[in-house]
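The chain below stands alone and is given as structure tokens, in the form predicted on its own.
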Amino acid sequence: MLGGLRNVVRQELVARQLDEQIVGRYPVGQRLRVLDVGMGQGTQALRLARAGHQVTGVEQDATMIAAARESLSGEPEGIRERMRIVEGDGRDTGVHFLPGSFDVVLCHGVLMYVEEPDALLAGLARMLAPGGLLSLLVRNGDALAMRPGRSGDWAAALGAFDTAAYTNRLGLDVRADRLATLTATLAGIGAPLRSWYGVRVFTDDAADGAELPPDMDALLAAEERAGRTDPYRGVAALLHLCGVRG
């Protein structure tokens, strides 16, 4: 269900980084209220429900919702009871939930599809209880030239320096976010940045559906180390930003 190498690396690294943030903020064993906005097929949501947390996933794509429900249906009853799936858009969280209703809010792989993300981010921050954790996974706008540059597309690499727009592997015209801009935005909505990581420093060029190599543990160790280390994390394909509600 996870797909090829690129998605496995993404999900595994984000899981490790998110667990580090949760352990650093909450007592071991505390059951958290988690909101996953744009949960996709539910990889992180289901993982957190298995860990004992109460998880609400919001998704608008019917195919992704069906995939998440199918995965959830194979889980024990206790886990199924801890996970709720809501069909909706991340921009209407105020319609479904009261402010301060969640300890952790995830928004992974969503901002690139939102032309003006500030209102969405402000709404997500309002969902957090005091001291709550906001986890964002975004396309790194400071590294857009890396992918075309590594493939030898010099015209595209030169054009990527002065824009936040790009075309993703699905052929969709989307946008990226810059670390400095999001840092300022998070401070402005009352959930200032506390930690950030790079995701997919070495494996972003892998082909869609590429199989996992036999040395996957070593690959993940290298990716994890790079995602925490300057200057490597600054050129990762994705950035994982963690802000904390004041």
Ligand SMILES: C[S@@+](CC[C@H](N)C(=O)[O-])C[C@H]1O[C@@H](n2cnc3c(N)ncnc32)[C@H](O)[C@@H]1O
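The structure displayed is predicted, hence computed values, not measured ones. One rule holds for the numbers: they count along the sequence shown, beginning at 1.
There is another form of the same protein, the form predicted in complex with the ligand; it is not shown, and what comes next is about it.
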Worksheet entry | Heavy atom within 4.5 Å of the ligand in the predicted bound form - the one residue of Pro148, Gly109, Gly123, Gly141 that qualifies | Gly109
Worksheet item: Of the options Asp89, Glu81, Asp153, Asp118, which one has a non-hydrogen atom that comes within 4.5 Å of the ligand in the predicted bound form?
Response: Asp89
Worksheet item: Closest heavy atom of Gln60 to the ligand in the predicted bound form, within 4.5 Å or not?
Response: yes
Item to complete: Indicate whether Gln21 is a 4.5 Å heavy atom neighbour of the ligand in the predicted bound form.
Response: no
Worksheet item: Looking at the partner-bound form in the predicted bound form, is Met39 within 4.5 Å of the ligand by any heavy atom?
Response: yes
Fill in: in the predicted bound form, Leu186 touching the ligand (heavy atom, 4.5 Å)
no
Worksheet entry | the ligand in the predicted bound form: contacting segment from 127-135, 71-79, 154-162, 90-98, heavy atom within 4.5 Å | 90-98
Worksheet item: Should the three residues Gln11, Met64 and Tyr113 be counted as contacting the ligand in the predicted bound form, with contact defined as a heavy atom within 4.5 Å for each?
Response: yes
